[in-house]
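Shown below, as structure tokens, is a lone chain in the form predicted on its own; questions about how it binds or moves come after it.
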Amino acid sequence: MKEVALDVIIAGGGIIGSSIAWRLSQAGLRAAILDAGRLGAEASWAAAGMLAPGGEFEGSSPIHQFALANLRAYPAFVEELQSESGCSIDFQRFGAIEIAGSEAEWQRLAARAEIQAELGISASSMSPEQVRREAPLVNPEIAGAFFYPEDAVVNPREITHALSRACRERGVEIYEGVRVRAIRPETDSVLVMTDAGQFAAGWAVIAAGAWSSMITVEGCELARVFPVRGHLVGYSLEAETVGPIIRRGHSYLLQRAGGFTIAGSSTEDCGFRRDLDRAIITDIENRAAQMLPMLAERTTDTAWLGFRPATEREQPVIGPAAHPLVWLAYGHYRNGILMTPLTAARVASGITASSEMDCFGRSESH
């Protein structure tokens, strides 16, 4: 493959990498996405699409405000992407009901809700009777619940499809089946080495999810990211039967607009193993049936898994690397779908600002 001169090369074509390419192309920069597989076919494809800081943050965190800001940016993000791509995206804000199966669970939820209120995460208590009115299929044997009105769901597969179309229409070059191996920053450009040859660009972005720190960057030590495997299962149900997201502890149920219902999940530190574990699937099915007893008599239609990109410091890596021509956008763990809008905006605006400084001669380097 011949050397290709571009403004920006993005390693990784998941929802974050594709969103960065889209934003850069809107700013008039020539971008290319290099993905080792197919666009959006790894963590973005596997994700349930729950946009729910209420289920993620039990106390103050370096990223909880960033997560909340992303949640509030999502409606406009989806609307703009639908308008530009011409694709429909299933985005629903029905809130989430976090149920307590015992008095002890209820007390823990109440204490957590008080802490979350100080973080800006709103929730209100619900009696078992109120839960039955709002979600009549939920197990009636509960001690109570809390309702999180801002929590939402989106279909990540529809988002990545829309991003692919929007990027292609704006001239983003997309190379599938091209794995980035190394990046060599030079004075005013970067060389990107891949299995298919060498590419040249002004900047490089690493957004390869759990594979990101496998890319060698000359002169830079990247924060380590590692895969945390998670299983999910799906049921074909009638539309509008589940209502809000239903959560209990680390279990959840959410329903797409067409009725497809997802139950999750598991957390496994086992590398990139792709074999489905029947015991884990059965455990998820049992937990789902505890929340929605009707599922005990239903068989799952499908099961799948994905690899969440986790970092040792438990927060994403967003911003320039040690070399300013290399930008990083990975390590979002369970919140990659949620944190996409502002991650893309932050990286794209940083590169665009550097590009403008170069054009006007105010900076000696990118």
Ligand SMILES: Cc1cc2nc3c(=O)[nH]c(=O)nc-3n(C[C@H](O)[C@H](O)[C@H](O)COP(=O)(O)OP(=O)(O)OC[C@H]3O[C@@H](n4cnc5c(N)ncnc54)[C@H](O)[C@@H]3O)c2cc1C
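Residue indices: 1-based, along the sequence shown. Treat the numbers as computed from the prediction; the structure is a model and nothing was measured.
Form predicted together with the named molecule: not shown, discussed below.
Visitor: Okay, which stretch from 65-73, 35-43, 318-326, 293-301 lines the named molecule in the model of the complex, with non-hydrogen atoms inside 4.5 Å?
Guide: In short, 35-43.
Visitor: Can you work out whether G230 and the named molecule are in contact in the model of the complex, taking contact to mean some heavy atom pair no more than 4.5 Å apart?
Guide: Yes.
Visitor: Can you check whether G209 is within 4.5 Å of the named molecule in the model of the complex, heavy atom basis?
Guide: Yes.
Visitor: Report whether the minimum heavy atom distance between I9 and the named molecule in the model of the complex is within 4.5 Å.
Guide: Judged by the heavy-atom cut-off of 4.5 Å, I9 is well away from the named molecule in the model of the complex.
Visitor: My question is simply whether L29 lines the interface with the named molecule in the model of the complex - judged by any non-hydrogen atom within 4.5 Å.
Guide: No, no contact at 4.5 Å.
Visitor: May I ask whether A96, G243 and P341 each come within 4.5 Å of the named molecule in the model of the complex, counting any non-hydrogen atom?
Guide: Not one of the three qualifies.
Visitor: Can you pick the one in A201, V178, V131, A113 that has a heavy atom within 4.5 Å of the named molecule in the model of the complex?
Guide: Checking each option against the named molecule in the model of the complex, the one that comes within 4.5 Å is V178.
Visitor: Using a 4.5 Å cut-off on heavy atoms, what residues in 330-349 are near the named molecule in the model of the complex?
Guide: Residues within 4.5 Å: H332, Y333, R334, N335, G336, I337, L338.
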